[in-house]
Each structure stands twice: as structure tokens, then as C-alpha cells.
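Here's a solo chain for you in C-alpha cells, the form predicted alone.
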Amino acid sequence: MSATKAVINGTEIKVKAGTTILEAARQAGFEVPTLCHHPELTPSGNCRMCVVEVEGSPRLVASCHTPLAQGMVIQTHSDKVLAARKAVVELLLTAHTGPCVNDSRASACELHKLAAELEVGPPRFQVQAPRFYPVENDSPYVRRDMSRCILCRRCVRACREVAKKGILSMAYRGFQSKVVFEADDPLNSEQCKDCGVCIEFCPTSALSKPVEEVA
């Protein structure tokens, strides 16, 4: 089987051909942060949290879906990369602030963990008011708080690829983009019943078990 050789953070590596930069970096012991990526799902490159610097490339590269190429020289934590990741977290936080910061569910929020690790403070960016949606408890199986959604699409892909249902999708455009069920209907149909796959893959607390089921 053919192999690919490259250099990551000054370390020469050799991996199976077709391995992504993210996979190669982790195999070499370099942890690259991700939000939209999950090893059980098809890579999408939506969030850009996993960007790395590739020598000779005019722009940063999303490592989750970019195959490692022969002879690549890569930096996973250069100043340019860290600045880009901080900017991504800061932009996401502009629409992810509010009571969730003090909510018990926030302890498992991957976004807040990344903000702490990257030492990202309150967002500096001036944007329109963060999206707000009322908490939905229509379903006995899933509690939805879309104000905490970061549009990573992990729930959409998990519903399609893992649960094999495909009942979640993206709707609207721009700042109004939203993960929806059918025609943006309440999530109370028998089509979404006692599954919980989307909850397992949600990196924030946008999707969780109904309050009475939370330990």
C-alpha cells in the first residue's frame, strides 16, 4: 500500500495515502481542534476551526477534509493559525452568548471549551443582535434551543449518516440560517422518536434530552 511522507511541526511523518492532514497530525501526536468535524461523520469543513498552515499555500487549509500530499510542510499552531482559530471562535460567540454561559449544560459545550483554551474573551465584532429562538419542548425525546446552535451541521449529518433518517436539514440563508425539521415544523413527529443520535453529536447544548430526563 502506498504511503505519503510529509513534515508536520518539524516532525517527519509517514502515513497511508489518502489520510487527511487532520488524521495525520493526530497520528503524529499533534491535536488540532475541531467543531464541525466528527470521526464518525463525513468531513464538511464548515467551521474552519481545523485550519493549518501549509508551506507554499496562499491561504490556510482546512485539515479535516484535505488529503495529506507528498512533501507537504505543515504548521498546526503557527501565529497565523492561532489568530484564525481565535477569530472563528469569536465570531461564533457573537451568536452564542447569554444564559447558556451559566447553564449546567454549558459544561459540555465544545465551543466554550475552545474559547477557554484559546483565551478568547468577549467578541469584539459589531454584528446584528444574536439570533434568538424560544426553547422547544414539543418533542418528548429532544429539547431544542436553537439560540445555542453554531450551524456546524453535525446533527444533520448524524441524522442522515448514522440514524439513517435524514429528517433534519438546513434552511434559510445568511444570518437567518437554521437547522430545521421538515418545513421548520415543531420536532414532535413520530418520524423523530426515541433516537437521540443528534443529541450525541451536538457540540453545544442546542440539542439535549428533555429537562426531566437530564441527570
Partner chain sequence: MVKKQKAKARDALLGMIKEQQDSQGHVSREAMEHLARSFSLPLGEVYGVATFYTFLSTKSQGRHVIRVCQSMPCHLKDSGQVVDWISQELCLEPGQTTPDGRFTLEVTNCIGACDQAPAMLIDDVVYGGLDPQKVAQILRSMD
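Positions refer to the first chain, counted from 1. Given the structure is predicted, the values throughout are model-derived calculations rather than measurements.
The protein also exists as the form predicted together with its partner chain; that form is not presented, and the subsequent description refers to it.
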TODO: Verify the contact flag for S169: yes if a non-hydrogen atom of it lies within 4.5 Å of a non-hydrogen atom of its partner chain in the predicted bound form, no if not.
DONE: yes
Open item on the list: My question is simply whether K164 lines the interface with its partner chain in the predicted bound form - judged by any non-hydrogen atom within 4.5 Å.
Closed with: no
Open item on the list: Taking its partner chain as it sits in the predicted bound form, is V180 near enough to touch it, meaning that at least one heavy atom pair lies within 4.5 angstroms?
Closed with: yes
TODO: Although its partner chain is absent from this view, report whether D184 comes within 4.5 Å of it in the predicted bound form, heavy atoms only.
DONE: yes
